[in-house]
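Okay, so here's just one chain, in structure tokens, the form predicted on its own.
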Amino acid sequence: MSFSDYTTALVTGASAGMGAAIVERLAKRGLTVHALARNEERLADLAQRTGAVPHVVDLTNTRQLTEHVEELDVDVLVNCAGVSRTGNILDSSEHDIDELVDVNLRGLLQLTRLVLPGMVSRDLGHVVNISSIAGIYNFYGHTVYHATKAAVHQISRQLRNDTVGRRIRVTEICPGRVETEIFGRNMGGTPEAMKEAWKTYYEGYESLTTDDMVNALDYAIDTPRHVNIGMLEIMPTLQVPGGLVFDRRQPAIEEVE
């Protein structure tokens, strides 16, 4: 099942970064692309540039989501929407946890639940989940983000079991550091924060670009119909995951006193 087998795509997180780049590529490939995001202004600009059909939707609002997608016949579903927060579970607020679980996990599950039965009935479809190396490897911080992306990793594998015997393909794209707005949003989202994030996390590094991610997705979709690319782990050449730490025990407060 290459692009010639598909006619319609649905992309979440479409207003910026990887999501917007994916919409552009799928539209160039000749698909009718439904672009979902919360930012109405950015979606309107994307629709004007690409011909995509904009849907201003809060992914965490299941009722609203259902109203927008229940009548669509979707051949390619790209679950790209995601949020992150700095810090570990000791630093996380109630809102941080709820938002990451709602956007990164619950929204993905609800949308897949709505779209996948149509693929099964037509015996045709491709689900692409954008996860992260944070779902595979442990490193400091971002505990809730790690948890939600690990769930996306497992969901991606499970969907193949759920649809066995049908021509439904599922691909997880698992990137390392990509040049997007995510760090800038974590730092406040202001123009100054975006500049500081670029200087801190990207300047002087050979990070992945949105083009790299789109090319990976393009490859996975364009393989022959008997081929399923289950997972693509993509990192910059100069980035490696993991690292073992064996720390000295820190004395308790009462021991110090």
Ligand SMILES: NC(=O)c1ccc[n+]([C@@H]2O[C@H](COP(=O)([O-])OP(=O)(O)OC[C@H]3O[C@@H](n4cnc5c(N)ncnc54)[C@H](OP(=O)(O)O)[C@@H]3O)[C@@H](O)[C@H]2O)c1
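Throughout, we count residues from 1 along the sequence that is shown. The structure presented is a predicted model; accordingly, all values stated were derived computationally and were not measured.
The form predicted in complex with the ligand is left out here; the points below concern that form.
J.: Can you say which of 87 to 95, 126 to 134, 68 to 76, 155 to 163 gets within 4.5 Å of the ligand in the predicted complex, counting heavy atoms only?
T.: Of the options, only 126 to 134 has residues within 4.5 Å of the partner.
J.: Do all of 14, 149 and 175 end up near the ligand in the predicted complex, with near meaning a heavy atom within 4.5 Å?
T.: Yes.
J.: Counting non-hydrogen atoms within 4.5 angstroms of the ligand in the predicted complex, say which of 59, 52, 197, 217 makes the cut.
T.: By the 4.5 Å heavy-atom cutoff, the listed residue in contact is 59.
J.: Could you work out which of 105, 144, 81, 116 is the residue within 4.5 angstroms of the ligand in the predicted complex, going by heavy atoms?
T.: Contact with the ligand in the predicted complex is made by 81 alone.
J.: Check whether residue 10 has any heavy atom within 4.5 Å of a heavy atom of the ligand in the predicted complex, and answer yes or no.
T.: It does not: once the ligand is placed as it appears in the predicted complex, residue 10 has no heavy atom within 4.5 Å of it.
J.: If we define contact as a non-hydrogen atom of the residue within 4.5 angstroms of the partner, is residue 38 a contact of the ligand in the predicted complex?
T.: Yes, residue 38 lies within 4.5 Å of the ligand in the predicted complex.
J.: Quick one: does residue 112 come within 4.5 Å of the ligand in the predicted complex, counting heavy atoms only?
T.: Judged by the heavy-atom cut-off of 4.5 Å, residue 112 is well away from the ligand in the predicted complex.
J.: Flag residue 171 as yes or no: does it have a non-hydrogen atom within 4.5 angstroms of any non-hydrogen atom of the ligand in the predicted complex?
T.: No, residue 171 is distant from the partner.
J.: Taking the ligand in the predicted complex, which residues of 153 to 190 have any heavy atom within 4.5 Å of it?
T.: Stretch hits, in order: 175, 176, 177, 178, 180, 181, 182, 183, 185.
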